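Okay, so here's just one chain, in C-alpha cells, the form predicted on its own.
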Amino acid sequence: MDKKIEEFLSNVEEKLEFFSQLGIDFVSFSSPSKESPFLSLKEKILHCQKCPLAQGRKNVVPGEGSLNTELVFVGEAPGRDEDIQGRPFIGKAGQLLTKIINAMNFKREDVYITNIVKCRPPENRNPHKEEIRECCGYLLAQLELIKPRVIVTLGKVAADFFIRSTSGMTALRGNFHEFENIQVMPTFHPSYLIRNEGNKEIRKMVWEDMQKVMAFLGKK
C-alpha cells in the first residue's frame, strides 16, 4: 500500500478512536454538514458528569456561534451569568468581547465562542488541572469539527492550554503560536480589561492582537 494512503488511514483511525472515547457516534462520510455531529457532541456535553463541577452547575455552557467559521474564541470557564443562561460570554466581559468582535468586522454569530471547561467553577475560581483534563476533550472535538484557521485565547488559563510556555500574558500576547496546524493568538481576558478599565495601554495591546488576527484572515 502507498505510504501516503497508509498515513491517511492511520490518521482517520486515530480521529475515529478519539471521538469514540468521548462516546460520540456520528461519523458519516456521505454529507459534509457539521450540524449533526455537533448536536451529538452537544448532547454529550449537556449530560456530562465527568468531574465534580457537574454537581454545582445550573447549566452546562457548551459554546455557541458559527460552525463554519475561521475564528474561534476560547476562555477558561463560564461565570455566573453564563451558568444561569447556559450561554458563553454574556455578562459584562461578554458584552465587551462582543464589541471587540464587532470592531474586527465580524458579528458575534460569525465566530464560535466557548471555554476550556464547560461548567462554572465555584466562586468563579480558575478551573483545576483535573477539571481541565476531564473536560478538554469536548473542546478538542469542537475544534476538530469546526477546523478554524485562528483561535484567540482569552486569558492565561486558556493560553496555557494551547501554548507550552512559562511566560506571562504580556510576553505571550501579540504573537501567533501554532496548535494542531491552527494559529493561536493569546490576548488578555475581557474581564481583565474591565478590572483595569483606566489602563488604556492594555486595551491598545488587545486591539493590536486583534488587528493581527484580522490581517491573517484578510479582514483588514
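Residues carry their position along the shown sequence, with the first being 1. Since the model is a prediction, treat every value here as computed from it, not as a measurement.
A second form of this protein, the form predicted in complex with uracil, is not displayed here; the remarks below concern that form.
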property	result
In the model of the complex, segment of 70 to 78, 99 to 107, 131 to 139, 145 to 153 with a heavy atom within 4.5 Å of uracil	70 to 78
Partner contact for Lys44 in the model of the complex: uracil, 4.5 angstroms, heavy atom	no
Partner proximity in the model of the complex: Phe89 to uracil, non-hydrogen atom cutoff 4.5 Å	yes
Contact of Arg173 with uracil in the model of the complex (heavy atom, 4.5 Å)	no
Any residue of 113 to 139 that, in the model of the complex, places a heavy atom within 4.5 Å of uracil	Asn115
